[in-house]
Each structure stands twice: as C-alpha cells, then as structure tokens.
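One chain is shown next in structure tokens, namely the form predicted alone.
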C-alpha cells in the first residue's frame, strides 16, 4: 500500500467516540449530524422508488430531474453577478458531500501541486489533497476572545502564482466562522490573478443565523462568473436531515462537467436512484423543511451557547453559522485527553479540537443539532460537574 495512505492520520473524533459507543449513559454530541430522522415525505419518495423497482444504474451525473431541481434551487439563492444563476450543465450529483470534495480534488490536483487549506477545518479537507500527493500548506484562522477570524491580507499573500488550489469551508466546521461577500470578492480577484482554483465547501450555507435576503450564508456563487475557476460543494445532509443518504452535489464551470462524469464513473458510477428520488422531493419541499431545521437549530444554538457562556472560565462566542459550539477551557491544552476524560468520567461525548488542526489544540466541538434542547442543558450540567463547579 502507498506510504501516503499508511501515514494518513486516523480520525481523532472516532478515537474519542470509540471509547463511548455502545454506552447508554453517554450523552453523545461528537458527530456532525442531527438526531432527528429524515422527514417522512422524503423517505416515502425513496420507498415508492424501490416499490417501482428503480434498482438500476443511473446517469453518471445524476437524474435529469434532480440536476435541474438543484440548478433551480441554487439559482433562486444565488443568481450571481450577471443574473445567470446556476445552469443544470454545471451540476453533478454525488454520493454525499465527502464524495463531492474528493472528486473535486481528484479532478484538480496532481502530485506535487501547491494546495492551500484554511484551518481549523473538518479533517477530510486536509487529508484529500494529501491522498493525491499534493504539497499541502495551511493557513490558520485566529481565535480572538473565542471568535475565530481570518486575516485576509495574510491569506491573499499566501495565494501564490504556483498555488493550484485553495480549499476553504465557510460556514466553517468546527468554528462557525463565515466569510463575508467583500472577503469572497477579494479572494476571487486574487485567485483570478494567480490562476488558482477555489474549492468552496459550502454545505452549511443554509445553517446561517444572521438575517439575509436569501436565508443563507454568502456564497462564492454570488460573486463569481460561471467560467471562473470555482467548484462549490453542497450536500443534502445537514439542511435536509439526510446524513445517511449520502447525497450531495457539485457546481462547477460547464466545461468541466462532462469530464467530471467520467471521474464519477471510476469512483461510484452513479448515485442510487431511490436516494436521488428522495433528493428531488427534498428540494421540492425545501421551503418547508430547511427553515424549520434552521429555526430549531437556532433555539439549540442559543440554548447551548448561552449556557456555556455562563460557565466560569470557558471561552467561546456565538457562531454565525453551522451546527457547532467551539470552546476551550484556558489552561487545559489537550482536547483529546479532555474529551476522553469527559466520556469516561462525565458521560459526555464531544469532539476534540485537535481533530481539526493543531491550532485548535485544547478546544472542544459540541454539535448542538438535538431534537431536545433540554438534552444540551443536561450535557452542560455534566460538564460543570466534571469541572467541579
């Protein structure tokens, strides 16, 4: 086996979770998913597809109905600077957001290419270019009073003429950091100058709590032209409560789409038809499903972060987007040790900051996507008891 693969670092989230999986007494908030099932109307669409015997291969790029549904959905939110929106010939359906990201990296990165990633970030975004043999550089957000911020000038200086790909995730997992449109415009201008591709992981864009016209976070699609060197990744997982369905999509320049279909053939061939039928219905009912999800998540966010901010000594801020509270207890610099102690001694399951980059050592991520906000408060009580407060 390739040494690159052998040397990939195992997930520190799984390392902690494995210590508590199967224990009924653990309140688990370590994984990034809601504990609410997919809406019934979406599930019924998949059931009907299976009842009709739709168990065969589909087009590599996805069902016509789903690609056009995605295009219309994206155009409503992101008409773009020229009003063209997102055409269906820019869309590829993928086996989840993870698969979409890996496909994009496979399509754009050769061995020894210079790749820049903004961290802390979900570990897959660092591992994927490494798998391709890239020369990886990271640029860290800075934590100021519990809020993570980007030094835009530092980033623009780090995007070099030889930089093949810039990878960023906003709203960000785990920090909740979100890019503004002025920042996106500056980054896009710099990448146009250097010929650098942008891979924007925007799967949390709908989970945004600041009031906006389109009820979502700013997107690179708001400022970019269709032919810009931009690939945007989305997923049904978070905003439609479909994590286990493994259904996502890519938006890319139209000249790239057919080649992406070939790459999908050599990875997964296609997504299951029944899952795609569920995706069609999820989009048809997005105006009902997603606002309800976001409204509930806001209650959960305010409940959890408000309670944590009252705990003496903790450092954190209210996240603008995403589904995570990211906090630290100054003076305790090893998040992995803390997370394992919390599982063993308090029955509380959180993700260690080290899973998202060395600059997040000592931090803890708490997923607040819970059907019952009271469950979050019970977790805070366990944390305070463990802290001996």
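The structure presented is a predicted model; accordingly, all values stated were derived computationally and were not measured. Residue numbers count along the first chain shown, from 1.
Not pictured, yet referred to below: the form predicted together with a further copy of the same chain.
Within this chain, residue 330 is remote from the site of a further copy of the same chain in the predicted complex, having no heavy atom within 4.5 Å.
In the predicted complex, at least one heavy atom of residue 272 sits within 4.5 Å of a further copy of the same chain. Heavy atoms of residue 4 reach within 4.5 Å of a further copy of the same chain in the predicted complex, making it an interface residue.
Residue contact check for residue 128: one or more of its heavy atoms lie within 4.5 Å of a further copy of the same chain in the predicted complex. With the partner left out here, a further copy of the same chain still marks one of 263 to 271, 281 to 289, 304 to 312, 208 to 216 in the predicted complex; by a 4.5 Å heavy atom cut-off that stretch is 263 to 271. The single contact residue among 132, 158, 318, 186, judged by any heavy atom lying within 4.5 Å of a further copy of the same chain in the predicted complex, is 132. With the partner removed from view, the residue among 152, 299, 98, 71 that has a non-hydrogen atom within 4.5 Å of a further copy of the same chain in the predicted complex turns out to be 98. Using a 4.5 Å cut-off to a further copy of the same chain in the predicted complex, not one of 17, 63 and 86 places a heavy atom inside that distance.
Scanning 78 to 116 for heavy atoms within 4.5 Å of a further copy of the same chain in the predicted complex gives 95, 98, 99, 102, 106, 107, 108, 109, 110, 111 in sequence order.
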